[in-house]
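In structure tokens, the next block holds one chain alone, the form predicted on its own.
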């Protein structure tokens, strides 16, 4: 009974009676004590701060002693720890998971990126603080915060729950063969760049087909660059048998359309989608040309020089004025 008395003495009083002990408290205080002593966090992490969160929940720190049991389902969780950078695409998922959590529920924002976006705060795809998306009860600063900081934040949340906190801060703004031949691994051939030239965009399919027939079967990458004179596409395909690469470029100028290589190279599918998403270049003949990184309703193409990095994207990406005015109220 001694350990129980130490944890319950602040919410009530014990009275010794002949043959029994009587504990007197209110139901509100008792329920708050039960809730703070049995927090079930969602096993959910976003970026590098999540590694420290995992260390905190590992055996060294033994958070089970605080009643912390991680759950894999939001429907069995009442605590969400946001550990990592919150992107606009991930904000939708965070909101969905939060809505599915059991009530009453609480949120801890851990790390500079989750709290304010940190040095990513003005990047087009980053939310400047998760409290633009869901309510937050406790902020744990750091980059990343150490496990001791996580524990302190959890204990602060337990204190708030004990005191009956139910109104968190909420900001609102208007996606035999298994053996290795050691000799072969040591004598790996250096890739040789056999060609590096510019071609006309109308020759793309014929040019790539010719080299594919010469066993250049692997598309290493496609990328785009926005120069002052216009967009340029760079392709690199490889003959893995001979260890040879072939690089070629296409000047698009002001044109934003070119033939797709998706029928020749499987890897062109998602690489062309990425370029379409970030540069706005359309690939004719692509089987599924739609955004791959940004939400479908995103306006503009973030890697073009003309793109405004402070573009407003409701509800999770406020304008610079909204963000700066919000900071002055803290």
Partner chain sequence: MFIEFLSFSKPIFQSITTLILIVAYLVWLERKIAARMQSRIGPYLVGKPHGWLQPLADALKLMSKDDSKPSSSDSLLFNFGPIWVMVVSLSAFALLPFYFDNPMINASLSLMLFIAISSLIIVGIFVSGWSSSNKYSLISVMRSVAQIISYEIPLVISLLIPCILIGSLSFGDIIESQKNIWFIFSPGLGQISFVIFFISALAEGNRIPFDLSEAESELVSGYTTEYSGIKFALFYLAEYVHLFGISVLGSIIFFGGPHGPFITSNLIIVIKSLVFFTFIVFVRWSFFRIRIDQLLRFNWSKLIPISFVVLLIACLTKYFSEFN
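Numbering follows the first chain given and starts at 1. This one's a predicted model, so the numbers in the text were calculated from it and none came from an experiment.
Although it is not shown, the form predicted together with the partner chain is what the next lines describe.
### Query
Just one stretch in 35 to 43, 278 to 286, 265 to 273, 292 to 300 has heavy atoms within 4.5 Å of the partner chain in the model of the complex, so which one is it?
Heavy-atom contact with the partner occurs in 35 to 43.
### Task
Mark residue 72 yes when one of its heavy atoms lies within 4.5 Å of a heavy atom of the partner chain in the model of the complex, and no otherwise.
Looking in the model of the complex, residue contacts with the partner chain include residue 72, since a heavy atom lies within 4.5 Å.
### Query
Taking 4.5 angstroms as the cut-off for heavy atoms, does residue 253 touch the partner chain in the model of the complex?
Looking in the model of the complex, residue contacts with the partner chain do not include residue 253, since no heavy atom lies within 4.5 Å.
### Message
At 4.5 Å between heavy atoms, is residue 78 in contact with the partner chain in the model of the complex?
### Response
Residue 78 belongs to the contact set for the partner chain.
### Message
When the contact criterion is heavy atoms within 4.5 Å, does residue 102 count as touching the partner chain in the model of the complex?
### Response
Yes.
### Heavy atom contacts to the partner chain in the model of the complex at 4.5 Å, residues of 33 to 68 in sequence order
Read in sequence order, the residues that approach the partner chain (within 4.5 Å, in the model of the complex) are 33, 34, 35, 37, 38, 40, 57, 58, 59, 62, 64, 65, 66, 67, 68.
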